[in-house]
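Below you'll find only one chain, the form predicted on its own, shown as structure tokens.
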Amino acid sequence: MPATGLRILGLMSGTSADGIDAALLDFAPEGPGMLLGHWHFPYPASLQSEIFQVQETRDLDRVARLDRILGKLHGQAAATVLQETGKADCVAMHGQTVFHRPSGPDGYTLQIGCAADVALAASCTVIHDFRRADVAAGGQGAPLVPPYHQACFARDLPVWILNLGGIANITWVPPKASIYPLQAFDTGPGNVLLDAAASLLSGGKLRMDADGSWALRGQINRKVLASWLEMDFFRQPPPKSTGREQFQGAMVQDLWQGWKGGADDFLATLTALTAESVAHGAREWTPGASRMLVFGGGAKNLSLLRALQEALPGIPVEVGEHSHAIPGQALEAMAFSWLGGQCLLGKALDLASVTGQKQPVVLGHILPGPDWADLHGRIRAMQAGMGRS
């Protein structure tokens, strides 16, 4: 379906908490739409550190204060983009995940970043809080972007889409004519353990192992790696999702204390842990694919890409940005632009084969801005046009 002329600005901040990715999308209800531009707004190191601390201390006062701070930062990011590009019709904001324990009857997930601050700064409608409706419907609340992966990448052969943010998640996109459903789940750590290790081993001087150059100097300890891969989460079948509650800096400190060897080998083995856990999930719980396209910050990690290729012999592992005209850092923000459009249309998404939800639900809450009456009229017209097509 062609783009609609509805311009939606997606704002995404992932588990790595390194900043805000923004993508302006000319929205299409079924197709991927058209990317009009993308931006990155980094968080100060002190803010990233505070986000991580809040996830460990669970201090309600600090969470409430961070909600406002992050709302203002998201609002500034939106205002900057709109000053550069002109008015957007609305903003779709993921927010910053601080807590994610979705399993069980009282499972929960929480993303902060005050939507009211964004609406005031951008002077437009904001769609936000996408994950909790899925959790309420019995789902994991993550991953939510696989339907957008399908809109972007469905071809004649199945393909894996791997997002390497703080947490790694994989989508199995079936062939266009397939009767099999879309599948997706979190495989475990993406960059989260590697970033924590780089900070720990450098005495806080580094926030990441840039390009994987440090890990490339090391040798993998296969015996230790095999023991790490026995962690319960890796053996748990989908639907499943995870976050910093399970994979975080404290885990890296514990692993390092029990490590017998140097820092280079430790980072190389942690990198292999991410790659092998991805490969295990892909082989064990999906029907297989013709290739793997890698997106997210981890796609820049040469050591991690090499380890992925070694873990999936015979399957081309490609940087998605190189083979498709979609910037790797923009894909998730584009997806939340698209999810915001689905929310505006009132479309319930069926994610039973992805998150395990018990019934399709509309994802997201709408905070009307000063343009709401006009935007609502345009949406109604769009819905009427879709009904006639």
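Residue positions are given as counts along the sequence shown, with the first one as 1. Small disclaimer: the values here were computed from a predicted structure and weren't measured.
Omitted from view is the form predicted together with a small molecule, to which the following refers.
Candidate site formed by 12, 211 and 297: every one of these residues places a non-hydrogen atom within 4.5 angstroms of the small molecule in the predicted bound form. Contact with the small molecule, judged by heavy atoms within 4.5 Å in the predicted bound form, is confined among 359 to 367, 329 to 337, 316 to 324, 63 to 71 to 329 to 337. Contact check for residue 139: every heavy atom lies farther than 4.5 Å from the small molecule in the predicted bound form. Among heavy atoms of residue 195, some come within 4.5 Å of the small molecule in the predicted bound form.
By the criterion of a heavy atom within 4.5 Å, residue 371 is excluded from the residues contacting the small molecule in the predicted bound form. Remark: residue 269 does not count among the residues lining the small molecule in the predicted bound form, judged by a heavy atom distance of 4.5 Å or less.
Of the candidates 171, 242, 125, 301, 301 is the one whose heavy atoms come within 4.5 Å of the small molecule in the predicted bound form; the others do not.
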